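In the block that follows, a single chain appears as structure tokens, in the form predicted alone.
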Amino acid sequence: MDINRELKRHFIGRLVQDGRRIDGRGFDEMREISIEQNVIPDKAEGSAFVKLGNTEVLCGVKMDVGEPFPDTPEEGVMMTGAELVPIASPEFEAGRPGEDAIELARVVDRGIRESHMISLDKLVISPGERVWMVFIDLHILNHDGNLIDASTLAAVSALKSAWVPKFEDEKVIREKSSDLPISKIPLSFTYAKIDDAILLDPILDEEFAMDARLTVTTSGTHLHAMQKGETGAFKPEEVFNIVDTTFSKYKEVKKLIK
């Protein structure tokens, strides 16, 4: 047992019982968000750097030409990967992606995919043969909790700024042909349950103390994905309240994406 983590868990639990959070925020209040787009224009067709409190994520979007999936011959391809670099947290190790990196990439990917943010049918060059492939690469630079929401913000912001290169004579030419076809702006909102309290946008210390986690992705009018983590449970009325809060917070955060 990590005694320091156990003491911190107990301390945070006492704070929550008193209606307080360790950083002074309200239970339904997010940390400060900053978004910079096109931060690596020479290396990617789209990019963004996001700070959610002290959590920092860099996302690059690359475009290439390849074959479509056999079951979707008239759609482009989207793939998402995440890298948890050791400099971001002592708990991250170099090497192949671990379970945390795989889960992070899948949750971000699912929210974008299920919302139909990218009009993949508009990325077809020749049906069944050639399509544009969208690669979303997430790099965690500093981990202070809630990687899912920070990564979703980074991915969506990078996609919003991305463009499609030219494809001539079976070659990709790194010159802009058109903007990436975008139809929706999905955003995720993650909640931590500590005892009977529900906290939006948990910092790392609160994640150590949480009994359960729930991430909800929406584009403002519909729910597109949910992901539960940890061993605790949410009551039905808690989930309904989380969904209501998510719709309300979506309007605030969407304004930050250019």
Partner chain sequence: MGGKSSTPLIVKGKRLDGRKPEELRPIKIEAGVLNRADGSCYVEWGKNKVIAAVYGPRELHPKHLQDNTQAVLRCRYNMAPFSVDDRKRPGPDRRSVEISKVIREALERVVFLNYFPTSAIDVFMEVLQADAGTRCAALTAASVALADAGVPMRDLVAGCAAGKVDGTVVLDLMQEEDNYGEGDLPLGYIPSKDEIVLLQMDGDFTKDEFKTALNYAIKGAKKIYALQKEALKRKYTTNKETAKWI
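Positions refer to the first chain, counted from 1. Everything quoted here is computed from the prediction, not taken from an experiment.
From this point on, the text means the form predicted together with its partner chain, which you will not see here.
Trainee: How about I203 - does it come within 4.5 Å of its partner chain in the predicted bound form, if we only consider non-hydrogen atoms?
Mentor: Flag for I203 set to no.
Trainee: Considering only heavy atoms, tell me if K160 and its partner chain come within 4.5 Å of each other in the predicted bound form.
Mentor: Contact with its partner chain, no.
Trainee: Classify K235 as contacting or not contacting its partner chain in the predicted bound form by the rule of any non-hydrogen atom within 4.5 angstroms, answering yes or no.
Mentor: Output for K235 is yes: heavy atoms within 4.5 Å of its partner chain.
Trainee: Just to confirm, A105 within 4.5 Å of its partner chain in the predicted bound form by heavy atoms?
Mentor: Heavy-atom contact with its partner chain at 4.5 Å: present for A105.
Trainee: To verify the annotation, which of these, D64, E230, E29, E36, has a non-hydrogen atom within 4.5 Å of its partner chain in the predicted bound form?
Mentor: That would be E230.
Trainee: If we take heavy atoms and a 4.5 Å cut-off, which stretch out of 162 to 170, 110 to 118, 84 to 92, 124 to 132 is in contact with its partner chain in the predicted bound form?
Mentor: It is 110 to 118 that comes within 4.5 Å of the partner.
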